[in-house]
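Just the one chain here, the form predicted alone, laid out as structure tokens.
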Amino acid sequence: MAEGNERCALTEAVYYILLALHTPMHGYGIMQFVKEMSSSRVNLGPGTLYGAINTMLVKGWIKALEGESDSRKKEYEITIEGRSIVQDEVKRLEELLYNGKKIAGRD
């Protein structure tokens, strides 16, 4: 991550939601994806999920897709900005892991 970059570390919930939305998905599908991807370690509740979705919609990291007018299920998809956020987070995590192994892994 470049110095002066205003982006900060993502929460685990936001990171997994962004990963989920590389394929368009509705809320329940996102919850199932995150649970499966994390081997049931991360279990998103509706309040956490929809709070994060609303924040990411405002930031432009995801977008709601047009759906059938009578459907109550809204699908979401990651945006180009959201993909950039995920790529930056992966780089940050790789740096943390590299430095952790370099220092603590030599015991």
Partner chain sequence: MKTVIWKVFFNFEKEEKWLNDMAAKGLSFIDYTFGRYLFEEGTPGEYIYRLELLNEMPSHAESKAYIKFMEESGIECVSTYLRWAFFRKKAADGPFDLYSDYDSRIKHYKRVIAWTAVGLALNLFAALLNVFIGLRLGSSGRSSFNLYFSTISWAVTIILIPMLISYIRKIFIMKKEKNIYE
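Residue numbers count along the first chain shown, from 1. As the structure is a computational prediction, the values presented were derived from the model and not from experiment.
Another form, the form predicted in complex with the partner chain, is not on view; read the next lines as being about it.
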Contact label in the predicted bound form: residue 59 to the partner chain, heavy atom within 4.5 Å: no
In the predicted bound form, does residue 37 have a heavy atom within 4.5 Å of the partner chain? no
Residue 12: touches the partner chain in the predicted bound form, heavy atom cutoff 4.5 angstroms: yes
Partner proximity in the predicted bound form: residue 44 to the partner chain, non-hydrogen atom cutoff 4.5 Å: yes
4.5 Å heavy atom contact with the partner chain in the predicted bound form for all of 24, 78 and 83: no
Residues in 16-32 that come within 4.5 Å of the partner chain in the predicted bound form by at least one heavy atom, in order, are 27, 28, 31
